[in-house]
Each structure stands twice: as structure tokens, then as C-alpha cells.
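First comes one chain, alone, set out as C-alpha cells in the form predicted alone.
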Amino acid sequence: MFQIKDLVKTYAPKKAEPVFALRGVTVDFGETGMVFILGKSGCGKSTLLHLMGGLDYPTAGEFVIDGKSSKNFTKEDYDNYRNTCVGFIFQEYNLLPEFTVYENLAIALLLQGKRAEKSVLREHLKRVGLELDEMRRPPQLSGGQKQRVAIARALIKDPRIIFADEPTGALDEKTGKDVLALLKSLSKDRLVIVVSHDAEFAHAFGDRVIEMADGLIVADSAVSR
């Protein structure tokens, strides 16, 4: 369903040597499952996620979804891809602090040009265990609750792919496990790609683990249990 072909990303800062963040990454993904991308800081894993999610553009290479190459994407195609096909979860949550939990979800629907129906919003809050917290604001929530709001916000678009960039980085171990267990349950009917530095979590929850170093994939294996 989702292919990455020879992705290259080079940064050329002024008065400095070029930085090669990705050096030609090729990898295929299935329609469902939970895939972890591991590696040390600076290895290129977050850059890869941002390119796959359409948040940044490659220096060379492409991703292909349903047979259509990103090389042929117009700006409208990229906007449609980000708004309807993929959902994002970040370490920093990226919630709007002045709005309630309910309103943070509603905005995600309104940005898609959809009606923010109460039944739909409450269904998604119940799905992540926050049905009693809809009127609270992010500063009133724990880290785990904020991440659950972020997951609900990503899910409300019904994306085929969820990209999670260090989703447990700001959480304690137990809360991190709870969040990953939730993402694992979601991966039964969609693709979930998680960037992480935690190999233990990856092998406990992942179906597949990809390891990166110096802008390249250096290992790719299914997790056996």
C-alpha cells in the first residue's frame, strides 16, 4: 500500500557543509500493523517520518501510495493527503491550551470541512477513555491524558496511516505502555508507524522493527513472540 523509494534529504546551511539527513531510504509497508523505527538522535528517523507524512519535502526520491507517486503530487494533493489519509501524534501533543478537549477535537473536523457532530466527538473521546474529560483544558490534564487527546484528534479523521513521533517521550513508563497499548489496538485495522528510541517498547508492542543509522536503514525485521 505504502512504498518509500530512494528518499534523500539534504540540508544546506549557509557557510557550512551540507548535512545528509537521509541517504536513499527504500522500504515498503503493509496496510495494517505497528511498525517501530528506531535509532539514535540524528539518525534520520524523524526526518523520514516527516517526509512520509508530507510535512516536509524530499531532496530526491518519493513515496507511493495506492500506485500514485508523491513526485506527481500537486499542492492540493499534498493537502488532501495530510488532511484525509494520515494522522499525526507528537511528543509535545500540539494541543491548543485555550480550548477544551472537546473543542480540540472539533477543530480537527472543521479543518476538514466537516461538521463537528457531538455524537462523533464523544464516540472518539470514549474510545480513548476521556469521555468524562471533554470540558477540561489541556493544562488541567496529565501527560497521558494529553496524549490520548492527541490520539483521538488523529483518529477523528479516520486516517489509513498514523504517524507517531516519540509519543511516549514525555511520559512515565506505565503511562507510556498504556499509550502504546492503545496504538497497538488501533493497528489492527490501519498502519501505525512509531518513531522511538526505546528498543524495549518496540519489541514489546511492535510487529516490525526498523533500525536506522546515519540516514540509512541498517536492519528491518519482524518481531517474533
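What you see is a predicted model; the values in this text were computed from it and never measured. Residues carry their position along the shown sequence, with the first being 1.
The same protein has a further form, the form predicted together with a small molecule, not shown here; the description that follows concerns it.
Visitor: Taking any heavy atom pair closer than or equal to 4.5 Å as contact, tell me whether Lys40 reaches the small molecule in the model of the complex.
Guide: So Lys40 counts as contacting the small molecule.
Visitor: Under a 4.5 Å heavy atom criterion, is Thr47 part of the interface with the small molecule in the model of the complex?
Guide: Yes.
Visitor: Find out whether any non-hydrogen atom of Ala21 is located within 4.5 angstroms of the small molecule in the model of the complex, and reply yes or no.
Guide: Answer yes; at least one heavy atom of Ala21 falls within 4.5 Å of the small molecule in the model of the complex.
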